[in-house]
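Structure 1 and structure 2 below are the same protein chain in two forms, each given by itself as C-alpha cells.
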Structure 1
C-alpha cells in the first residue's frame, strides 16, 4: 500500500512539473511543505537570474517517499531536492546526490562545521547547509514561583544539570499538580540523543556508520534512558499518553513546568504570553552531572539530483539560498530559523533586537552551535535507525526496561544495517 501511495505521489509531482514547462532555463524543485513564508525568495531568484522555479511542496513523510521512488528510477525530472540532513548519507551511498565539492569553496564558505558535517559522507559534501537548529529550556515562571523555586540562569557556564532539572520538576509536580518536565519531541532521537551523548555514549551508531551493537545499547545509553524512564515511570514528572504534536501546546497552556524545545518555538511562546499571559523564561540546555554539555543540531539542506541536466542553474540556486548574506539576513529575521552560516552570528552579535528578551537567547544558541552541537548519526541506514529507536524510546516511556528496549532495537537493526555493507 505504501508503495502504491508513493508512486501516486510521484506521478502527481511529475504532472505538476510538466505542466510548468516552458522555454528557457528551469529548475524543478521538490521540498517539504510548511515554509510558504520563503516564497518571496523564489521570486527574487527568478527576477535576478531569469531561471524559472517549478516548486512542488508536499508533507515531510510523503516527500521522503517520493524522493525514494524518483531517485531509484533514475529520473532527471527533479533538479533540486530539499534534503532532511540526516538522510544525506543514505542518498549519497546510492548515488542520488551530486557531490558539491567541485562547485563550492567549502573551506571559505562560511557554513558552520556542524552544517558541513551533516551534509557530508565519505569526505565529500552532498547537501548544502540551509537551516539548522538548537534546543533550549523554556520554563513557566508561575509554576516555579508556586513551588518556591529559583529560576535557572540564562548562562551557559551555570547551566542546570539534568539532576537539578529532575529535582525542580518533582517540586513543581508536588506543589502544583502540573507536569514538571517534558521534551518537545518527546520520543525522537533528534532531541533525546544529548542524554547519552552527555555521558559519553556516542550517537548510537559506530564510526563505520553501520554498527549498532555496543553503540546503541552501551552503558551510557542504558544510564541515560534509565533517567528518561524514571521521569515517566518512577518520579512521574513527565507525561505519558501525549503525542509530539500535543506537548508544546500543553506548555503554552500552563500545564508543564519545564520543556526542552527548539528556538523556533519562541514566536509561539510570545503569542501565548500576549494572549494568555504565559510568564516564561529561557535557559540553556541541561547536561548530566559529571558529563559534558551536548545539544542537538541539524535541519534542512539543499541537494542536487545527480541526474539533473541543469547543474549550473542548480548551483546558482544553492549559492543564492545558502551563501548570500542579504538573503541570510532576510531569512533569519523573517522566519526565525537558525542559519548554519557565520553571517547569522554577526546579525545576532550586532543587532540590538537580539540584546533583549526573548531574542537574547540567540546568544546562547550561537554558543551552542559553536561549542556543544552534535549532529545525528551519519549513516546510510538513518531511516531504519530512526524508526526503530523511536519505537524503543516509546517503549521505555511506557514502562519497558531501558536495557531490554535498547537490546531489542539492536537486534532489529543489525540485519537492516547489513544491507548497506
Structure 2
C-alpha cells in the first residue's frame, strides 16, 4: 500500500514536470505600472500561445533603477523589459538588449519611421516601438467661463502662445482662486523640453550625445525656465509641492484651469465628465511668441534581455503586442495612447468616432507627430541626465534662480557624462 502511494506521488511529480516542459514556457516581464487596462491583452496572449507571463509592474522611476540593477548583474531571469524609448541607447551601449533585426521584417512591419528611429542605436533596432505620445492642452470650460475668457481654438495654425496661456491663467487664478496652469509631468524633461526647444534652445545635450555645458544652460534654456519659474513663484498660477502622480487628478477634480497633458488622458477626462460633470475642451500644445511649436514625443518600447533564454517566446510576445492589427485597434481605442504603427493612422482617418469631440483631437496629434514632435536627447547617459534635470526643474519650481539651477546641473552632469567618452 505504502509502495503504491510512493509510486503515485513520484508519478504525479513527473507528470507535473512534463506538463511544465511541454506547456510551461514562461516569460518574465518588467514593465511600468499604471496602465492596468492593458492586462486583458496579457491574458489573451497566454490563451493563444500557452506561454505564461509573469508580469512585474513597478512605478516608472523605480522600474528604471530595478532594470539597471538586474541587467548589470547579468541576470537572465528577465526576458522582456519595458524600455522608455530614450533609454534605448543607454541599454544598447552596455549590451543589455538583444538586437531585433534578425527576428523582424522591419521594413514591412508597419512601424512608423520615427518609432523605428527611437528604438535604434548604431543602425540596429534594439527596442520595438509599442507606444508613442504627444501632448495637447486640456482646459476647464467652467473655470474659463467664470473668468470671462474665450476658449483657445483647436486649430494648430492658431495655437496659443505661452504668453497668452499665462495671461489667461492669471485671470483664472484671480477670478476663481484655482490654479491657472499645470503640466501633467510637472518636473520631467519629457514634458518640459518643448519650452526651451520652442525658443531654439535644443534638447539639452550636444551633438556628440555627451556635452552639456552650453546646451543645458544656454540663453534659450534660461529664458524658457524663467517662464516656468514665474508660473510657480512670480505669478503663482501653478501648484508647487504636488507630485507628478497627483497633478492630473487635480485637473479632473476641477482645480486647474489649463493643463498640458498626454492624449492618453482623454479616457480619464471622459470618465470625469461622466461622473462629476467635468466640462473640458482641448487645444494644441502652446509655444513661445517668436519661437516655433514643439511637442514632446516618445514612449514605451519593448526590448529583449540579451541574456534571455526564451528568445523565441519573447519575439512572439513582441509580435503580438506591437504588430497584430486587431491588438493595435483594441489598444488604441481602449487606452488612448498613440501607437507608432500605420494601422493607427487608418483608424484616426476612417473611424467616425475620431471625427468628433473629444477624439477629433487625434487629428491634431497626427499633425504634431509629423510636424512638431522632437525626441528627448539621444545619449548613453540619459538616466543620469534625466535625474539631474528633474532635480534642477524641481529646484526652479521651488524658487531657485533658473540660471543657478541649470549651471549647477551642468556641473553635476559633466563628470558623469565624461565616463562615456
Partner chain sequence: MPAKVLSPQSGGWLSSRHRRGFTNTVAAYAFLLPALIGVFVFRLYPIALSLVKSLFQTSFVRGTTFVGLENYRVLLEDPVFWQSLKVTLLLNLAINPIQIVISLAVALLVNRQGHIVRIYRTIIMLPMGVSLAIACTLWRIMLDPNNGLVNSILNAIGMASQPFLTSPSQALWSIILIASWKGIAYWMMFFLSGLQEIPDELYEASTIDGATHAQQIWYVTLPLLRRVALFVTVAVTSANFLMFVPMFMLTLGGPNMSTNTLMYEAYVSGFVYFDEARGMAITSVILLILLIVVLFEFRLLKED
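Positions refer to the first chain, counted from 1. All values derive from a computational prediction rather than experimental measurement. Under this definition, the rigid core comprises the largest set of C-alpha atoms superposing within 1.5 Å between the forms.
Visitor: Mark the structure, either 1 or 2, that is the form predicted together with the partner chain.
Guide: It is structure 2; that copy is the form predicted together with the partner chain.
Visitor: With the motion between structures 1 and 2 described as two rigid parts, does residue 217 belong to the same part as residue 396?
Guide: Same rigid body, so yes.
Visitor: Quick one: degrees of rotation for the smaller rigid part between structures 1 and 2, relative to the bigger part?
Guide: The answer is a rotation of 17 degrees for the smaller part.
Visitor: With both forms fitted on the core, how large is the C-alpha shift of residue 50 between structures 1 and 2 in Å?
Guide: The alpha-carbon displacement, core-superposed, is 8.3 Å.
Visitor: Once the two forms are fitted on their rigid core, how many angstrom does the CA of residue 122 move between structures 1 and 2?
Guide: Spelling it out: core superposed, C-alpha of residue 122 shifted, distance 3.6 Å.
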